[in-house]
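Only one chain is included here, represented as structure tokens and corresponding to the form predicted alone.
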Amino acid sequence: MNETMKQRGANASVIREIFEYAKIRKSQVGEDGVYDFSIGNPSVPPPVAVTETLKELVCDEKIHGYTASAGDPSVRRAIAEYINAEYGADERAERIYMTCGAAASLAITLRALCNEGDEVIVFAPYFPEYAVFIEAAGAKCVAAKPDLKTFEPDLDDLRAKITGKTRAVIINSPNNPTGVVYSEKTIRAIASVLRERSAEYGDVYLISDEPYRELVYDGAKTVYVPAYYDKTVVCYSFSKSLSLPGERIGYIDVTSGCSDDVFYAVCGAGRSLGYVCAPALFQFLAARVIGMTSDLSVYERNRRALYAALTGYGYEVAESKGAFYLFVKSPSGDAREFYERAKKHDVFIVPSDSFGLGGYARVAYCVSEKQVADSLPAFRKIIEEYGERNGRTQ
């Protein structure tokens, strides 16, 4: 058997392990006694239009067959038309490839772009599965440092990390795990570095991972990345915006600045991985409801309440204006110790070591407003215990 695959199967995602353990604790002590902030599982229901459209579509016997490998042409056309209207772009339906969510989009894109021995740069802290997808494509995952004041990329480190082996750079804004939304200035700067290095080493592609595109707060705006760098491939999922994570539907947009060969490689990668003909029912749903979102105001209220409380208690928290995560510094500087201490209070957060940066924890606030409110005394008690410990050791 493949030993690498065996090891990956035996060593599950830290996020999923914590999520599963939190479910066990709920069965032991009751739902209300457990504060699970482990996983990015949307808590708000999909828009009513999604439910109604699904009821209509599921009864249509014509839509349950195979579509074209890259997706139904009418669906791809609807997505391209939406992108062009929303961002003033010039994308083509023929360059849209429908996928089983952002994970499949990334796996396909990386397989399409990378050869054995290539390198792909990610910005720490990053979604842990990036490393898995990159290595599965035969490439090496190279982490660039963040600016620890803003959690935006350290551009000097990015410049230094790009070599003749670099095939692509992955960006994720709004960001998982920090919730940071990259500014237009940052996107411009990243694009400038990539153009500079591409002139020296050959094309370096930018993969823009955008499952949280619509989840922005306090007037923040996401940037349409292909407008700043032409060799961009966009990976998108409807999971977060429409509260459909279990349905696994998304797309790859091989944008207009890329050659046709990139799209052909995407099609070939999808074929070799068996990722052809994404679920037809949800392809047609996506085309009908594109541009809609769930009630994102719940997340905004959770973010404000949790950020105000945690910083008020004395925690250091990255300034989050997107997605549904807070990135909280461990009061001891040790991410795992922070997780274990919180766990004793049935507060489940994700230590940051698996995100490529130690010393923090991710708090996923895509939960009920009641859970946020009920968890606050526990968060207060946790940091008070650090104070008590420090007092004893002084």
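Numbers for residues come from their place in the sequence shown, where the first is 1. Quantities reported herein were computed from a predicted structural model and do not represent experimental measurements.
Unshown form predicted in complex with pyridoxal-5'-phosphate (PLP); subsequent notes refer to it.
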{"item": "Candidate from K240, R76, R303, R167 lying within 4.5 Å of pyridoxal-5'-phosphate (PLP) in the model of the complex - any heavy atom", "value": "K240"}
{"item": "Among the candidates Q283, S320, N172, T255, the residue which, in the model of the complex, approaches pyridoxal-5'-phosphate (PLP) to within 4.5 Å (heavy atoms)", "value": "N172"}
{"item": "One stretch from 258-266, 194-202, 98-106, 83-91 that, in the model of the complex, holds residues within 4.5 Å of pyridoxal-5'-phosphate (PLP) by heavy atom", "value": "98-106"}
{"item": "Non-hydrogen atom contact R248 with pyridoxal-5'-phosphate (PLP) in the model of the complex at 4.5 angstroms", "value": "yes"}
{"item": "Contact test in the model of the complex: P226 vs pyridoxal-5'-phosphate (PLP), heavy atoms, 4.5 Å", "value": "no"}
{"item": "4.5 angstroms heavy atom contact with pyridoxal-5'-phosphate (PLP) in the model of the complex for T232", "value": "no"}
{"item": "S208 within 4.5 Å of pyridoxal-5'-phosphate (PLP) in the model of the complex, heavy atoms", "value": "no"}
{"item": "Sequence-ordered list of residues in 104-137 near pyridoxal-5'-phosphate (PLP) in the model of the complex, where near means a heavy atom within 4.5 Å", "value": "L106, F127, Y130"}
